[in-house]
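Presented as structure tokens, the chain that follows is alone, the form predicted alone.
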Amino acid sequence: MQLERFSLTPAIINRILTVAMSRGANFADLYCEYSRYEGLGLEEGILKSASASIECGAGVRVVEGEKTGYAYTEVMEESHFQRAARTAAAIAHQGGDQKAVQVAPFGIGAFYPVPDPVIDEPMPRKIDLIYLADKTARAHHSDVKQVSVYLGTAHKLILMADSRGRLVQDIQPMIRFTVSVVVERGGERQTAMAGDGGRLGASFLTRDRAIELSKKAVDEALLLLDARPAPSGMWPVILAPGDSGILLHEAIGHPLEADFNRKQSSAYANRLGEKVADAQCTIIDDGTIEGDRGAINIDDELNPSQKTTLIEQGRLVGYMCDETSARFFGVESTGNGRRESYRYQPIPRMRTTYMLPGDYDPQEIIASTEKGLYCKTFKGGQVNISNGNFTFVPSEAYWIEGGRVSHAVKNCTLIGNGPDALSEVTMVGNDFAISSGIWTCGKDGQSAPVGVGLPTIKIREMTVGGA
């Protein structure tokens, strides 16, 4: 199907890649993309924005030693493909003999079979769900003053081929549904957001889901109205399962992407085989979780998706590698070469990053804490890749007193260091969960959908910024 979409045949692809390899390159690939996007946004009780777009283009990459040439075109004609191939070959040129290429279909996984593409659902049904979410939120509590609802959908057709002879076609769906609310009482305002999504079909979009997300956003915002300021200081910190895995993604995941370690700019550079975390910690990056936002059938360098162990029982055993980093470290690619679109070259990116569950009951973890902070969800943060220092802002958090959850707290910040935090993990729960499908990761000017996951974990001590 994609061959016709891009006006390609195997014979034409062979000619394009042979041109790309005409100056003696080590490797060349062709990436073709046809994407449809839709976005609906509601504010102040009315549908304020509606957008639809189509993107179509193809990029040719040529690798020769340490040099890479890349060129793309938005004209789906063989002459333009070949021009891009010649340009990329000229950029990477170091001299050598032409290499002929013959491609054949290459098998891939099926981690998001979607028989009912949401992009093809009737627009009135999508609009009705957005209005339902708005109506539900406003009816849920009289303190609700503002509601914003967003529904974004994408449907991407991909064709890739490379000088190894691999030819792959893939379909990548995506959906994201979010509800944001503002509540006000006595002059104080608080905001909250709830969302879900993933590589899912139209069956995901139900009235029950719209109602559930609306009530969840309102309840969290109301909770913050009654929350007390968090006490500052060094305190034990408990991270709840699921959404709090975003801290793992930022503080641990990014420093384990291979390009940062190849360039010696990560806190984990040159530490393979070393103990970098408590023995209870095993951290995985996984592209094979069916329907998850971070799932991929194959990466953007035609390497099959897989489950990659990064830290095993506290020891650093691997990085997330694209082809370039894999060659540098003398290993196989881990299937982490990803790109935002045909306009970009692939770079090492996370898929769904999580910690495996441990042995402790989550209530036992809370009961073991005389005083401390329990963080359920986060609304933002940042990390310094070179040293692992991070700052995160919880959106829903509670104070623990006497081994019990006492009350909600607000206006707090977690300040710490990724490697140090992993070494300070004292208890890992048995309640592992994957986060809702809302996360998008930015790196080097490119964005990519990702997933996160975590069981309940307890960190011995961390700096809490509060009152």
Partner chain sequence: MDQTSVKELAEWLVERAKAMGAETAEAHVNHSREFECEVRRGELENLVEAESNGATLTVSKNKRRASVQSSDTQRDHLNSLIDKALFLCAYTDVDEAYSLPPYDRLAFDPPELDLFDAEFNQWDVTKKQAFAIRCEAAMVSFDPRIQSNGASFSTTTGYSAMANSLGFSVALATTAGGVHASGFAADHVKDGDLNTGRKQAGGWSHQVRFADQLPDPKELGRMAGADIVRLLGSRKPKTGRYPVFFDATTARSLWRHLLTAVNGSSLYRRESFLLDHLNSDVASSIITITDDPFIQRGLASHPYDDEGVACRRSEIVSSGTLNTYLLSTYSANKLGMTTTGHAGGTGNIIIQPGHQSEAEILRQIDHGVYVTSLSGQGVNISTGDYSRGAQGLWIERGEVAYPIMEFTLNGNLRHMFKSIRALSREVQPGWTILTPGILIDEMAVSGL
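Rigid core (definition): largest C-alpha set, two forms, superposition within 1.5 Å. Positions refer to the first chain, counted from 1. Keep in mind that what you see is a predicted model, and the values were worked out from it rather than measured.
Keep in mind the form predicted together with its partner chain is missing from the figure; the text below concerns it.
Its partner chain is not shown here, and in the predicted bound form it never comes within 4.5 Å of any heavy atom of L3.
Using a 4.5 angstroms limit between non-hydrogen atoms, N26 is distant from its partner chain in the predicted bound form.
Although the partner is absent from this view, Q264 contacts its partner chain in the predicted bound form, with a non-hydrogen atom inside 4.5 angstroms. Taking non-hydrogen atoms only, S341 never approaches its partner chain to within 4.5 angstroms in the predicted bound form.
The contact residue chosen from Q363, T309, S232, Q313 relative to its partner chain in the predicted bound form is S232, the criterion being a non-hydrogen atom within 4.5 angstroms.
Of the candidates I127, A279, A100, A139, I127 is the one whose heavy atoms come within 4.5 Å of its partner chain in the predicted bound form; the others do not. Stretch 269 to 277 is the contacting one of 236 to 244, 269 to 277, 314 to 322, 350 to 358, since its residues have non-hydrogen atoms within 4.5 Å of its partner chain in the predicted bound form. Applying a 4.5 Å heavy atom cutoff to its partner chain in the predicted bound form picks out E66, K67, T68, G69, Y70, A71 from 57 to 71, in order along the sequence. Core-superposed comparison between this form and the one not shown: the Cα of S53 travels less than 2 Å.
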